[in-house]
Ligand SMILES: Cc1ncc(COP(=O)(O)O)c(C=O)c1O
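This document starts with one chain, in the form predicted alone, laid out as structure tokens.
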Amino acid sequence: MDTPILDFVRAYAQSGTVRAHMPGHKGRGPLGIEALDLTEIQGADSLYEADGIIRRSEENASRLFGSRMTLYSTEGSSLCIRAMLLTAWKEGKKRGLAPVLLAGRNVHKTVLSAACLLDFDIAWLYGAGETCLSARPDEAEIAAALSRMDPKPFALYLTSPDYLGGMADIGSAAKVCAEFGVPLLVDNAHGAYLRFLSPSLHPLSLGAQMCCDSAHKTLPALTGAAYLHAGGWPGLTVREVRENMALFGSTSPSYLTLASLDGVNGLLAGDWSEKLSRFCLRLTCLKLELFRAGWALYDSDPLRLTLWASESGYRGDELAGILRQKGIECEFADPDFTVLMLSPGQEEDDFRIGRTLLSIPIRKSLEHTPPPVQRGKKACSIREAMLAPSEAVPAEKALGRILAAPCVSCPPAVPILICGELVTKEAIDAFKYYGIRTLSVVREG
């Protein structure tokens, strides 16, 4: 498969052309990669008006992912999520659907910023998740919610895999959505690689209308590289989706990131699927070995090793600290879980991780459980809360106040309480459990 962006960038870097254009480093600098960092010069195409090398590269990606259209983002899945929601919101308006999104409660906080900007409401599905990071609503819960809603929401929105690696039943959700005439959108930021398993577990393969993938999370791409995919959505055009991306996107996309996405196409068209299959098998064997040794594991997607640390006698962040001291840096840890994300090419690393964990003694399970998912009481809309004057107050003094901002860092960027909801005693306990001591609340008076 050709790599038109990467080829252009490399050729320009070697051309010796005088760079009387941005960026200011002029192809020279301390990183050593500045020569490959370009802007929209002649021949380089333009991301949101692509009709040259970027468009050809996106068409290559579309064929690899089996999508009707695939568009690139150099601003991660956050940009894709906003554009995906705007697309569904516009299409829903045409069809007379309600300005309401039906969503699993464990959304990334980007969904809240989209709700603020577009002024739509959200009806929540709570599923059977163990923490606020996991919400896996089943077919019955989704069908019951859609049956109650009249008019229907403009989309169902699910996060899968979630930050712990939990997988929603996308196939069943897609069938229910088809019955009710509601499009299914999936935040697949952590699952770009799922397309290249056999069989494919990618949301588009399972019936979703649109999804975002963060290429940098599980594919060999630079940070910020992401895709927005659209599947079977009659009448939707590339021009419309590209304009929706442009509404939220920077006019200065990173060509290093674009070249990275383009280069990944070449890798995916080769033997990467075979490498992925072999590595997933190795990781499955490692998980089985750890389980037999007494480690409590969370049921996660194939490229993630999620340790239920508290069930094995450790706080999740404590275990992450132990592994850090032994030269292993984890993706994420909270009081209960320690999450490691791995990729093909780490064949020696999985042995090291396994040896290290097997050398750490299993202890008695900790006597605490994650706080339940909060079912907040709505006091005002997300938009009203996020745009209102706000103030920071200690969590213990926020009882009865209206939350103004999500107050969670990234990772995992999953809100404990939703903007516009009242802060309850249970919510304060949950914030404290996760180490959040200060809340942003709507200013009174």
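All residue numbers are counted from 1 along the displayed sequence. In this text, all values refer to a predicted model and were calculated from it rather than measured experimentally.
We do not show the form predicted in complex with the ligand, though everything after this point is about it.
Heavy atoms of residue 81 reach within 4.5 Å of the ligand in the predicted bound form, making it an interface residue. Looking at residue 254, you'd find every heavy atom of it more than 4.5 angstroms from the ligand in the predicted bound form. In the predicted bound form, no heavy atom of residue 31 sits within 4.5 Å of the ligand. Mapping the unseen interface onto this chain, residue 214 counts among the residues with a heavy atom inside 4.5 Å of the ligand in the predicted bound form.
Contact annotation for the candidate site: 132, 408 and 431 all lie away from the ligand in the predicted bound form (no heavy atom within 4.5 Å). Partner contacts here mean any heavy atom within 4.5 Å of the ligand in the predicted bound form, and among 117-125, 256-264, 288-296, 186-194 they occur only in 186-194. Screening 76, 316, 302, 92 for any heavy atom within 4.5 Å of the ligand in the predicted bound form leaves a single hit, 76. Here is the short version: of 209, 87, 338, 159, the single residue with a heavy atom within 4.5 Å of the ligand in the predicted bound form is 159.
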